[in-house]
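Given next are two forms of a protein chain, the same chain in both, each as structure tokens and marked structure 1 or structure 2.
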Structure 1
Amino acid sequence: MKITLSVIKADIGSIGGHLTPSRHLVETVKSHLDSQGRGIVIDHYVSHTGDDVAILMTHTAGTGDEDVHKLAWGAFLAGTRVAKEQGLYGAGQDLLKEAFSGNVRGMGPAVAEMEFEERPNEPFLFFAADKTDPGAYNLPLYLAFADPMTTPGLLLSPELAKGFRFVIMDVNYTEGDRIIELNAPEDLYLIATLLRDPERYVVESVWSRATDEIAAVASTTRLHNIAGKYVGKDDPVMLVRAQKHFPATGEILAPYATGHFVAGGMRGSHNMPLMPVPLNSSISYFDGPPVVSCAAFCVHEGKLTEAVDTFAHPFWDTVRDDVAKKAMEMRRQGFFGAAMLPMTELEYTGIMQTLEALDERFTVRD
């Protein structure tokens, strides 16, 4: 059976600043899907990561389907009404367009979708991150799909040994989707050269070269390319299929023990380490740190099992301690150098305005 997994997520308002949506908001999104989703989706799962609400849906309509996207958009509108009633902060903030026009791409919400022939047993992982942007997944995907130090399956499994194809997008290009396809392992240095710049080049999808099946897909939305200015970080979602011809679940999760520095945290303008957290976690220290959650599922004829909360395992407590230390270490240098993002990525215009005002006070010495 051919099925489609669609994740559509948006920040539509949260309690106490950009921390977490209210229970009432999340329940409203859920009940919209329960009442309006019949005949459109087979199953759905609603969760939040920091201030972002994500809707995972299974169906048979393929990617970019109007009814499926409209269902999610409607659910976010219903949630936004609650956010406004409750006076939540940033109510409706990611719904950048007034009227729905066929597809939520380009309207604010982040989207990650994949269609595939369902295996008899089909494990997959759903990642959601807050206070960061899509490039945050570049390193974990590179390590899981191209590095035998992380994924011994690349040596041990003849199928994995055939390698993976990376589809990488230039997210600064706004006229359309500017992409490049590169093959691991032959193109490893080329892949690394692009992925080292996560603000510009983002992994859009990964494909098995043994079977030509889709392995992973991530959202590539750049809100500031839609709105013309920064309206918040593009907190990314991702789907990754696991086991057999794909990396094992543990190989896909292992890179998150690094707590790599990503763009995000306070005012969307700082480099902070990415902390793996349990599902439905909130935000705290320095409007961060950037967090990533991961729900593991099996899907059968479109029906989802219950979610397993991968980062709730005690192993990740040590990682969280390390990441918290890394975060505080970076914060010791305040606004200086690597702690703050480069000019083009700052979410606020204050520094640019100050620099413009200072420009005329500069003099060139004889």
Structure 2
Amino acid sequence: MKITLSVIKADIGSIGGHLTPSRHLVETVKSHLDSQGRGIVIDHYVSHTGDDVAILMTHTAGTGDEDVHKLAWGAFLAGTRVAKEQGLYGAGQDLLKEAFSGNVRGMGPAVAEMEFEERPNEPFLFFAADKTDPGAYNLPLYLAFADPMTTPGLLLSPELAKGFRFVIMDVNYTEGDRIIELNAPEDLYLIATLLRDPERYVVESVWSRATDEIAAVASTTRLHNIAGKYVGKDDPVMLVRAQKHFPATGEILAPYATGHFVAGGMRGSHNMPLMPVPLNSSISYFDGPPVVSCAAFCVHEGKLTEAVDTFAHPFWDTVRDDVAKKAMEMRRQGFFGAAMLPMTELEYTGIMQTLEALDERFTVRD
């Protein structure tokens, strides 16, 4: 059976600032899907990570289907109405366009979708991040699909040993989808050259070279490219298939023990370590730290099992302690140097107006 997984995420309102959506908001989104999704989707799952609500849907309509995207858009509009009624902060923040135009790409919400022939047992992982951008997944994907130090399956499995194809997007290019396809392991250094700049080059998808099946797909939306100004961080989502011709679940999760530094945190303008957190966690310290959650599923004939919270295991408590220490250490630098993002990322914020005003006050000494 050919199945499509679609995950669409948006920040549509939060309690106490950029912390967490209200229960009523989340329940409204669920109710809309329950009542309006019949005949459109087979199954769905709703969760939140920080202040972002994510809708995972299974169906047979393929990627970019208008009815599926319209269903999610309608659910977000219903949730936004609740956010406004409750006076939540940032009501409808990620809904940057007023009229639905066929699908939600380019309208604000983050989107990740994959279509594939369902295996007899089909495990996959659904990642959702808050207070960071799509480049946050660059390092974990590189390590999981190209590094045998992380994924021994690249040495031990004949299928994995054939490598993976990385589709990488230049997200600074706004005239269309500017992409490049590179193969691991032959192009390993070229892949690393691009992925080291996660604000510009982002992994869009990964494909098995043994079977030519899709292995992973991530959202690549940059909100400032749509709005032309800072309107919040992009808060990406990702789907990753596991086992058999793909890395094992544990190999896919292992890179998140690093707590690598990503763009985000307060006002989306800082470098902070990424913390793996349980499902439906809120935001706290310094509008962060940037967080990522992961729900594991199996899907059979389009029906989802219950979600397994992969980062709720006691192992990750130690990781969270380490990430907290890294976050506090970086924050000791305040605004200085590497603690803040480079000017290419800050050009969508108010600091540019300050710099323009100061420029007129500079003089050239004789």
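All residue numbers here follow the sequence of structure 1, with the first residue given the number 1. None of these values were measured; they are calculated from a predicted model. Take the two forms, find the largest set of C-alpha atoms that superpose within 1.5 Å, and that set is the rigid core.
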Check: Here are two forms of the same chain; which is the form predicted in complex with ligand F6R?
Finding: 1
Checklist line | Core-superposed C-alpha of G17 shifting 2 Å or more between structures 1 and 2 | finding: no
Next item on the list: Can you read me the CA shift for G350 between structures 1 and 2, rigid core superposed, in Å?
Entry: 3.2
